[in-house]
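Next comes just one chain, in structure tokens: the form predicted alone.
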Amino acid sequence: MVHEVTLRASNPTVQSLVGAWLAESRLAIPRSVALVIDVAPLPEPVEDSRAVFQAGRVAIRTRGVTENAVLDWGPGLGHAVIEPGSTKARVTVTEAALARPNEFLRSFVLNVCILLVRRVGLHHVHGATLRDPLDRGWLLVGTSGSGKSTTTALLARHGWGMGTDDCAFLVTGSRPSTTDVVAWRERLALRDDAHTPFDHDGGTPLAARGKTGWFAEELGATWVPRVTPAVVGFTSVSANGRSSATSIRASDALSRVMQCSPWVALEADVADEHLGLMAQLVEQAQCFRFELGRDLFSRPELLLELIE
């Protein structure tokens, strides 16, 4: 049975805003997890000597299996606590936080969700998921500016299925000895200079991000919630405008996946599972370093030719 992230919020604005965002994500999880969100003054800060994992303006503190995980969005905007072994996050935000809905959702609440769903076997990786015309799963891994989102949009416009271009989760595979990747559904977001070359009008302005966004269906693609990657690619933009693919070893690929999945460094009780999923991923897939050039705009099929 597939579950979703459930929400309990006493404030109707929060219930509407976060509820719609979670429903839109369509994130499928094996067991229920819950967000309990209150709008109130933040609790008095307490001394906490634990090392800080910084995710934007969100400071995250974790350590052992007997200690709370704590997230602070600052200054003075939000606070969240997840108790040991719990699948419930208790979140407090101030009225000032609600005046920043994009940051509230995509930074603070998303980071709470990332930490929370680790407890039911989903481990975050910053990547794009696709299904090619041969029905193979792809995971494109890369940082902002690496060409990952533009290439995902281009391929979605040319017959590929698309899951996400940004927020994905490693999970135990549906087949033995495999790792699958589950998509957090949201609009693929591109700057104006990035979406013009792939010749698609419309989209939804994402003013807070200075981009335009499309769901897979708005690009003429099928949304794919889960893939078993047969190809893992690490993306960068080609300096000469020509695309290339270089096969890399599993050990190199594992190191690169870890760089785009830094949560593996947190919470020893689930870190081994996270690392094991990454190791299985790079063993099951062909792994490549992709330099993405403008030649893909005229010949998107080139990406398939490069890996044969």
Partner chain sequence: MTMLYSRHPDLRVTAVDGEGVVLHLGSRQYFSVNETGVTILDALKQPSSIAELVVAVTDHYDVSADAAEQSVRRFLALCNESKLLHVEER
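Because the structure is predicted, anything quoted here is derived from the model rather than measured. Numbering follows the first chain given and starts at 1.
The same protein also has a form predicted together with the partner chain, omitted here; what follows describes it.
**Student:** Residue-level question: is Val282 within 4.5 Å of the partner chain in the model of the complex, judged on heavy atoms?
**Tutor:** Judged by the heavy-atom cut-off of 4.5 Å, Val282 is in contact with the partner chain in the model of the complex.
**Student:** Would Arg249 show up as a contact with the partner chain in the model of the complex if we use heavy atoms at 4.5 Å?
**Tutor:** Contact with the partner chain, yes.
**Student:** Answer yes if any heavy atom of Ala59 is within 4.5 Å of a heavy atom of the partner chain in the model of the complex; otherwise answer no.
**Tutor:** No, Ala59 is distant from the partner.
**Student:** Is Thr66 close enough to touch the partner chain in the model of the complex, meaning at least one heavy atom pair within 4.5 Å?
**Tutor:** The answer is no: Thr66 has no heavy atom within 4.5 Å of the partner chain.
**Student:** Choose one stretch from 26-34, 236-244, 51-59, 66-74: the one whose residues place a heavy atom within 4.5 angstroms of the partner chain in the model of the complex.
**Tutor:** This holds for exactly one stretch, 51-59.
**Student:** Between 259-288 and the partner chain in the model of the complex, list the residues on our side with a heavy atom within 4.5 Å.
**Tutor:** The stretch 259-288, when checked against the partner chain in the model of the complex, contributes Gln259, Val264, Ala265, Leu266, Ala268, Ala271, Asp272, Leu275, Ala279, Val282, Glu283 at the 4.5 Å heavy-atom cut-off.
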